[in-house]
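The chain below stands alone and is given in structure tokens; this is the form predicted on its own.
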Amino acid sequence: MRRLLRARLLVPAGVAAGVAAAGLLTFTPAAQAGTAPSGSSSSASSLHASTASASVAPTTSGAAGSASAKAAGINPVTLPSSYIAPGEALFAANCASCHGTDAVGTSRAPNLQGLGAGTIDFWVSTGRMPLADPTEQAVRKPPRFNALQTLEIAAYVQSFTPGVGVPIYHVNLSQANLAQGQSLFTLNCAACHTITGAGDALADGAFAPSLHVATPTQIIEAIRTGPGNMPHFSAGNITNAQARDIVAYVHEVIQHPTNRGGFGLGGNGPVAEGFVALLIGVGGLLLVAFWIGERA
């Protein structure tokens, strides 16, 4: 009888364990991010270190705006002119077929002139470009180019319109206000990216991507450039200090949460929490029902 009881209980317990494992793997930040490479953070960090070591100078017009950005810890950087020539070769081999030799755009892809090095850096460093099918929404994937090559491509495109567009930013979060960042994120970002930054589906098959693997530089570039379906937030909508606070909140709280209540379940909020509650609650009741049935 005991062997029979164990055999009867083994099947539902095994099914529950399998569902639990599959669910928890699905709800992890890496799974939500899709194709987040294991080395993406280190690669992006080295890219930002490279920009930080370059001569830091305003690439946007207006000394007051540049001073405000620096005071907020958002420092625009100027890429060395020596990056332009190798960037031209990389652009010709990998980008010109869609964007044109001089980055003026074609029927397959838009004009890149005037967008700034920050726009190019965002799309290339996140692996969203080059894009195999221009009709599909670009998704984050392992970047094709290393950190230096990404900067070279950005420098080449920026060379057509020096000082115009969004520059690459080096972000200093030491003076950020996390409470203010949370409020601003909830007001401006959570409707699409969800309050946990896990991303969500939008209308017409589009989606807001997960923020769990984005670097501070990529976050500020997204805020200022508005990639894909995302709105473009200028300094008139979100100030440099506010943008810094949002970046700090995403980087320090969403990406590195302190789960005082225990296991964070991937930081995906009520969906993952409800799944575990359903699994433990209903699964436990099923096991009890089987046990009572065997006793009867």
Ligand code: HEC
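These figures come from a predicted structure and were not determined experimentally. In case it trips you up, residue 1 is the first one in the sequence shown, and so on.
Omitted from view is the form predicted together with heme C (HEC), to which the following refers.
Contact here is defined as any heavy atom lying within 4.5 Å of heme C (HEC) in the model of the complex, and by that definition each of A109, L112 and P209 is a contact residue. Although the partner is absent from this view, P257 stays clear of heme C (HEC) in the model of the complex, with no non-hydrogen atom inside 4.5 angstroms. For the chain shown alone, S234 is not a contact residue for heme C (HEC) in the model of the complex, no non-hydrogen atom being within 4.5 angstroms. None of the heavy atoms of I168 is located within 4.5 Å of heme C (HEC) in the model of the complex. Among heavy atoms of P130, some come within 4.5 Å of heme C (HEC) in the model of the complex. With the partner omitted here, the residue from L151, C189, A176, A198 that has a non-hydrogen atom within 4.5 angstroms of heme C (HEC) in the model of the complex is C189. Distance criterion of 4.5 Å from any heavy atom to heme C (HEC) in the model of the complex singles out C98 from the list C98, V164, V104, A85.
Residues T119, I120, F122, W123, V124, T126, R128, M129, P130, L131 are the members of 116-133 with a non-hydrogen atom no more than 4.5 angstroms from heme C (HEC) in the model of the complex.
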